[in-house]
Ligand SMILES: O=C(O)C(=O)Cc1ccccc1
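What follows is one chain in structure tokens, specifically the form predicted alone.
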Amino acid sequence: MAASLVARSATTPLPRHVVSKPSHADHFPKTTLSFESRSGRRRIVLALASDRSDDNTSKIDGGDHRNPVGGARELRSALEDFPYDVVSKDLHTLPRPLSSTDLSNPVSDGSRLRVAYQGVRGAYSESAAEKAYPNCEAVPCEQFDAAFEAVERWLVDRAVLPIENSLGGSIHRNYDLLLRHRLHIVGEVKLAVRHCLLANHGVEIEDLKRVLSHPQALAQCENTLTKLGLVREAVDDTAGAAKHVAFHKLKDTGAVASSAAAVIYGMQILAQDIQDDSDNVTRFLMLAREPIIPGTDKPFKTSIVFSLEEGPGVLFKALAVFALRQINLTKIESRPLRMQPLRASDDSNGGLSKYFDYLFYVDFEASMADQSAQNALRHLKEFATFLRVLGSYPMDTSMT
């Protein structure tokens, strides 16, 4: 349980000697949750659909239990069962947004949203922001934290930030920030990363002695850079490396960055597609202050985070709630619980042992409008010590 895990599917049949019963959550009646954020800007209705008999009776384990029709459950109880957080401050206490865009408008209507990204102009994140929100005003931020805060403080409307790369793996910092901040995942976008070797005009490859770029970019081009015999120096981002080389007019230093950065900073491209693997794709998350209404009209993905008590088979039980309902997991990531990284327990020898306490981030292919997804989370909540839905959003089915 302590190791970081990556799982492509959780639909593998359970071993024959393991018997798992469906949860009471699979027998929940149909319930409609209707609530409005404190800002009054958006009313969210979540239909929890399931079959219900005409006499409003649900049979659980052979017993009859009367259930109220529709939204009879109190709001507090409903939100506890479905932890889809909507946190907004009163509009009168917040600074006015810098954009006049109505946040309830769909993205496709051409509204010019202000979208934060990490890096400087020419960064891959800027390209991802423009792919996610065409015609947006991309706003650069120095650090990931600043992008989160810019959305929370109404300085921008959205943020587009990387969460994993097909070669470099997860961006752990953003997993931690997802839990620290109260933003919601409203979409994802995948961007093919094509690295170029850039230099100032008049510089040849033979003139280069070192190259600057982001650590992951340098690692992704390791074979090429090794063959060229270049000393690698890490900086905060790829476009920032290009900007530094161009601004200081360096003649012995190149940069690994995008072709867009070459145009912006007036540099020449000495070599294209220098990454070691052509299938180099980064997945970005689209973040907003409020969640979107999950639907069933297109493929959806849901992201959650939860914690568990320590014990044999506990993680297996957690993943089984999805396997039992034929829900496919696309990713699971474990991160130490920052506020309480170590937990003490009695070992078999009568002494105290310490072990890491973990949070598990899971992405699964289902919409929160699907009854099976709702039941899976209700089942998980029966033994999870903490559970939060980070977002339910349309999947990006493209690969570039």
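Computed from a predicted model, the values in this text were never measured in an experiment. In case it trips you up, residue 1 is the first one in the sequence shown, and so on.
Another form, the form predicted in complex with the ligand, is not on view; read the next lines as being about it.
Comment: the ligand is not present in this chain, but in the predicted complex one of 237, 152, 130, 188 has a heavy atom within 4.5 Å of it, namely 237. Site annotation in the predicted complex: the residue of 286, 221, 198, 123 reaching within 4.5 Å of the ligand with a heavy atom is 123. The ligand in the predicted complex is approached by residue 282, whose closest heavy atom lies within 4.5 angstroms of it.
None of the heavy atoms of residue 114 is located within 4.5 Å of the ligand in the predicted complex. For residue 214, a non-hydrogen atom is located within 4.5 Å of the ligand in the predicted complex, even though that partner is not displayed. Taking the partner from elsewhere, residue 327 is found to have every heavy atom lying beyond 4.5 Å of the ligand in the predicted complex. Residues within 4.5 angstroms of the ligand in the predicted complex, judged by any non-hydrogen atom, belong to 190-198 and to none of the other stretches in 295-303, 317-325, 131-139, 190-198.
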